[in-house]
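The chain below stands alone and is given in structure tokens; this is the form predicted alone.
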């Protein structure tokens, strides 16, 4: 059961109901026993009353209710009887209580000997009427308890709700905290149990704040400390290029290593900067089709260098997102396609939209990806090459990891499937669409 309030109320009500049921059952049994003793005493008093009445030696029918029957015997002679009594003796002439069946009912009987007149008084009372009267009395006592359970439940609900209110207030405070608010929670007049919870949360917030601060410092320091020497290296390489013969193998390898180092640093910084808190509050309408046009125009020389055909299909479709990170996503997908597509191959980018979603697809005519490796390609530093004869440009293994991370930032679903070409892979992203934005951002 997910709700603490419902769990507590249900548990307490179940306990109370079970307790009341057991108490009512025991009370019912006890009350019936006491009622039986009371009715027996009344039957004895009735028998004594009949014994004191004057009866002659002829049968005398006294005016009695139908639920009571009696006989007056002297030796074996019936002196008097009620209208509903049988002619034979109702029970044996032995003193005490018993049961007998006659007149279509079961009767509680009493044989009482009157020593003053040497008479036997046989009195009988219908047991069904006894039980009806007893159950009526008991029911009147039990029904208020049963009917009171809903009111008790309401009272328990109010009490528990009152008791859980500080917990609810704490939950609301946590929910209303801004994404960048890492200040301790201050809730006055907390119960002792909630004070411990609040203290633990504040300790966690402080540790989280310290970790985020260290990460920000690292990112800032890395951006400064790593970019500066790499920029200096690139300047020195440019100056050195004029002093070396064209096509110098050592120079080409050195330049490639510097470029790869710069790319690795930029990818690492992009990965650690792409946090949900920083970007979700700055989302704006982004036309994916127009964004793809811009990225393709910027990178067309890279694809021309490998004589690759790069095409864009689709129409204007707008999503809510961050333009910079979406540009990085597209750049990484195109870079991945460029690396794994052989010279003269084809790459297709398409943007399509339905009523609620926008689909961005990047597919190539490269070697493709084995279906068992679909999930592995998004892991850090994973570089899969299922065909050894295919040579690809070296990379850092973070491009698709960043693509997955940015997709998660935009609550987009990303999947891999075979491309529409004879070979190759297709990366498909499904974004939530902004209704009515197509025409405004076309």
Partner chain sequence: MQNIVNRVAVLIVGMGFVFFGHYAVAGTPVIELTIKDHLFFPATIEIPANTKIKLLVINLDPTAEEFESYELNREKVILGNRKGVIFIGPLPPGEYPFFGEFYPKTAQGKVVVTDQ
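Numbering follows the first chain given and starts at 1. Small disclaimer: the values here were computed from a predicted structure and weren't measured.
What comes next is about the form predicted together with its partner chain, which is not displayed.
Student: Only one of 324-332, 117-125, 337-345, 98-106 gets a heavy atom within 4.5 Å of its partner chain in the model of the complex; which is it?
Tutor: Going by heavy atoms within 4.5 Å, the stretch is 98-106.
Student: Just checking whether residue 32 would be counted as a contact of its partner chain in the model of the complex - the rule being heavy atoms within 4.5 angstroms.
Tutor: Yes, residue 32 is a contact residue.
Student: Since only the chain is shown here, I'm wondering whether residue 131 would be in contact with its partner chain in the model of the complex (any heavy atom pair within 4.5 Å).
Tutor: Yes, residue 131 is a contact residue.
Student: May I ask you to list the residues of 303-332 that have any heavy atom within 4.5 angstroms of its partner chain in the model of the complex, in sequence order?
Tutor: Read in sequence order, no residue approaches its partner chain (within 4.5 Å, in the model of the complex).
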